[in-house]
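In structure tokens, the next block holds one chain alone, the form predicted alone.
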Amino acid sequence: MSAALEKPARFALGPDDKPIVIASAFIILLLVIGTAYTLVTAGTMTLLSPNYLLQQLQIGAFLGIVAAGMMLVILIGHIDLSVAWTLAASAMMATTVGGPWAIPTGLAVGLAVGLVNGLGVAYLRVPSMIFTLAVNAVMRGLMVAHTGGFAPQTAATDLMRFLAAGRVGGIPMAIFVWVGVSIVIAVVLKRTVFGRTIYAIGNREAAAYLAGMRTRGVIVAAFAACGMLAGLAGVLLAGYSTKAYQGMGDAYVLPAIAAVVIGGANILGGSGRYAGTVVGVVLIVLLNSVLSIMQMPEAGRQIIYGAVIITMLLAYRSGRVHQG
């Protein structure tokens, strides 16, 4: 009898599973609404075509890579507001250097900015929101000085264009890059001491430190990884656009944070699953796409976009209150 009673509990949804289920339900709802709209207005089912879905995943890959790094920082109870110009600076420097050193240069720029952020937060104890915002302003100034205030007259390398826009077996390479990043992040968070330390710091940094964990080193490493992933996204975006341009990362900061939070990660750190971030990215990309198909004015898009995020966060909060 007791064994029979235990079986249903195995399939009960945990606190980290419910946001993923809710976000997945929103994705299905968006597909239904978008498909119904295109069927009525154009007589087609564009949203369900493989090419359309692959295109959305390709676009989502850039946001997904930024969100992967952002999640590491959010899990330790911090935030990185410098990813906008870290991304742009990495793209600009990669296209400036060109040749075989283009991609390593872009990654190195992102890593360097991430290290500065991590050192400032971990050792100088400056609040991450203030420090990273200041670093973002510094990077913006450096890039304006680098370009003289004009659009860079450089182009992406062939390898950058292939990784961002090329296809293998009909599948965009950007998706493969995102999958590779996702596997690494998921394994690190779930299977390594580093990942367990990240969650411990997010729950209570002082307790983690007293338990003998190298909290400062992990904080620096999390910010460094976030910066390098922003740099990778910048390299890919430059390849996708065939060039770098100022402000190219501005559209990725808030959506990256939203994707992490929509996926169920606690904005104060300590809890969240990477699968939720992936689902959050897909939801945000699909929502923007459906609103674009409906030719929604920009003002309306922003209102609906914000309303959906608030609704989902309230739903998560309601579920947590009931559990408490």
Partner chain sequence: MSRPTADWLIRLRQNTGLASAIALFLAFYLFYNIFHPKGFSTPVLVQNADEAIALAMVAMAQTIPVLMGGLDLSVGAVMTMVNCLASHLVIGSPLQIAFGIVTCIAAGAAFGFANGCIVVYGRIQPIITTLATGAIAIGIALFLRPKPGGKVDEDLSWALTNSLSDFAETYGLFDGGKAAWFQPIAWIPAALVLLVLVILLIWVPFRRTVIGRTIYAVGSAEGAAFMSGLPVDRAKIAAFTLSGVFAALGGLFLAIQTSSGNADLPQASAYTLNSIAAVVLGGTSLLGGSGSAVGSVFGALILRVISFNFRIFDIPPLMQSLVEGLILLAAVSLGGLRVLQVKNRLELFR
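Small disclaimer: the values here were computed from a predicted structure and weren't measured. Residue numbers count along the first chain shown, from 1.
The discussion below concerns the form predicted together with its partner chain, not included here.
At the 4.5 Å threshold, heavy atoms of Leu313 reach its partner chain in the predicted bound form. Not displayed here, its partner chain is approached by Phe131 to within 4.5 Å at the level of heavy atoms in the predicted bound form. Taking the partner from elsewhere, Trp101 is found to have every heavy atom lying beyond 4.5 Å of its partner chain in the predicted bound form. Looking at Arg167, you'd find every heavy atom of it more than 4.5 angstroms from its partner chain in the predicted bound form. Site annotation in the predicted bound form: the residue of Leu254, Val179, Val97, Ala108 reaching within 4.5 Å of its partner chain with a heavy atom is Leu254. Just one listed stretch, out of 171 to 179, 88 to 96, 234 to 242, 200 to 208, contacts its partner chain in the predicted bound form at the 4.5 Å heavy atom level, and that stretch is 200 to 208. Here the marked residues Asp17, Ile28 and Pro50 all miss its partner chain in the predicted bound form; none has a heavy atom within 4.5 angstroms. Residues are counted as partner-facing when one of their heavy atoms sits within 4.5 Å of its partner chain in the predicted bound form; in 173 to 191 not one qualifies.
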